[in-house]
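In structure tokens, the next block holds one chain alone, the form predicted alone.
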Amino acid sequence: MNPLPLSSQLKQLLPRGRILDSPAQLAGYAADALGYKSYLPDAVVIPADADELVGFMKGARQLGVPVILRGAGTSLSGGPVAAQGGVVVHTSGLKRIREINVEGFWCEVECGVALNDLDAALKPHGVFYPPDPSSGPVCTLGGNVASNAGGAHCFRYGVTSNYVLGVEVVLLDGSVQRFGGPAGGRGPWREDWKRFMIGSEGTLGAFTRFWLRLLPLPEKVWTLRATYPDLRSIEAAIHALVAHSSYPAAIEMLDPRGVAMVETSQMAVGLPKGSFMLLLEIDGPPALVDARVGPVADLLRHAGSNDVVLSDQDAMRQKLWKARKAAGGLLGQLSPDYVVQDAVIPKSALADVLQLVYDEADAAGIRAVNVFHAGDGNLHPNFLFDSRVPGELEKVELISERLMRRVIEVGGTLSGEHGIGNDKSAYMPLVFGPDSMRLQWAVPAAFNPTHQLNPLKVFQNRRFAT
């Protein structure tokens, strides 16, 4: 163990300007977007590039404290926070788009690249990277890969793991490893172990760059919005859309409480009060989607909607998306604290589980708003509360536990895209038995035997011990 103070050790690994240690500086890294779970780190380091990150990782073991990797901090599971103290490594400096290979439909990017910046760089080349979490303007690809992020269009296109061809990662011994690559793990790209890394939530190593699969931009997109008077009718519409040959790219839902929240704000778009809103897109060759849009609109009406609006014009399409995109930001204006849960259920259980959310929240006096990816059953119930009021946090945690138990009972699972972090680690035994847990524990133990990287995440008792 190095006898020097932590600050002195860090100055041996990185230039002085890359180290933050004042209370005011550290406060900005105490929580992620989950907000109410706050842990002040002992220090923050901001490597300027991959070489500085490698240099830091080579000396990380001797620091004798946990090491936590962090991108933009937009995660919603309590992932990139110093739950056991230690050093937060902010990777925002690694933000180069190294190569866009249009002929091979792949790109090479560093972990600190913001998602929307990548989209903007790809668009002139006629290609795109499909995963699109709502925090796209600021969230980084490193965080997306660490949590296996999804987004509105993952119903058709899939989540991050479907698009990661290769990962470069710095292990705790300072070695740089490449798993996969443009050749899909063949040739000079070494072992294709990237699946271990995707969704690893900072427990195995520090990402430096990725090779990502791209797709051609859709030639045409239609966006449709419909409102429904009750949960059963919108559920019928969702089931019909999932089975329809149009194969929508996105199927999003906003409940009446979310609609009321939007319509009483400056972001109002004229939705009927008390309604459920369904938003969807179909894309593809113009002749094909133009032929399909009429039958899809008829399907929405047949399910019980008298309010179907559709457009293939970009400006109008953005207006149709406005209510869905505004919902997340408005939550923060309505409540000092809120929890956005993340679970996946069979669509056949949609009405049942949503009713549980309403019943449990109403009984506890907690406001609940549902806005989520309905096509693939990825629920995001939002619980609004004030952690300063005694007992409110405990009520939310009890509702979350009951929700997760019901999710597992109906055949669902704990996370679709946010990850486990320290918010849902206690629920892991609800899904996995002792043998499975032991096997999963063995993976981070192999890469990171002392659990120095991001302890107290994913597995509740996974602690760093010097």
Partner chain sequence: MHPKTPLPDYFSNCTHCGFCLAVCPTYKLTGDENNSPRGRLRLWSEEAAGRLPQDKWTDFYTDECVGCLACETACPAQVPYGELFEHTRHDHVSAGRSKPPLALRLAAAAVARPAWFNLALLPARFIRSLGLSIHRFLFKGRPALLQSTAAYARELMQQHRPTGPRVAFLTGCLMEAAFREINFATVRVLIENNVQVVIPEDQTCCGAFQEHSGLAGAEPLRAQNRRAFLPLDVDAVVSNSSGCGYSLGKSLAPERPVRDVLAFLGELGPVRRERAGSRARLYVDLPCHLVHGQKAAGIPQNVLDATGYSWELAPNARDCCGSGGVYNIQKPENARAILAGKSAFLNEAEGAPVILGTSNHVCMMQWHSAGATGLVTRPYEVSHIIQLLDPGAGFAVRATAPASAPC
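Just so we're on the same page, rigid core means the largest C-alpha set that superposes within 1.5 Å between forms. Every value quoted in this text rests on a predicted model; they were computed, and no experiment measured them. Positions refer to the first chain, counted from 1.
Keep in mind that the form predicted in complex with its partner chain is missing from the display, and what follows is about it.
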Choose one stretch from 347-355, 247-255, 153-161, 84-92: the one whose residues place a heavy atom within 4.5 angstroms of its partner chain in the model of the complex. 84-92
Counting non-hydrogen atoms within 4.5 angstroms of its partner chain in the model of the complex, say which of Val431, Ala31, Met404, Val54 makes the cut. Ala31
Contact residue in the model of the complex, from Gln440, Ser38, Gln62, Thr413 (heavy atom within 4.5 Å of its partner chain): Ser38
Can you tell me whether Ile46 touches its partner chain? I mean in the model of the complex, with a 4.5 angstroms heavy atom cut-off. yes
Partner contact for Arg232 in the model of the complex: its partner chain, 4.5 angstroms, heavy atom: no
Is Gly329 close to its partner chain in the model of the complex, meaning a heavy atom pair under 4.5 Å apart or at it? yes
Using heavy atoms and a 4.5 Å limit, would one call Val138 a contact residue for its partner chain in the model of the complex? yes
Judged by heavy atom distances of 4.5 Å or less, which residues of 7-28 approach its partner chain in the model of the complex? Arg18, Leu20, Ser22, Pro23, Ala24, Gln25, Ala27, Gly28
Rigid core superposed: Ala287 CA moves 2 Å or more between this form and the one not shown: no
Following rigid core alignment, is the displacement of the Met267 C-alpha between this form and the one not shown equal to or greater than 2 angstroms? yes
Closer or farther apart in the model of the complex, the C-alpha atoms of Asn306 and Lys322, for a change of 3 Å or more? farther
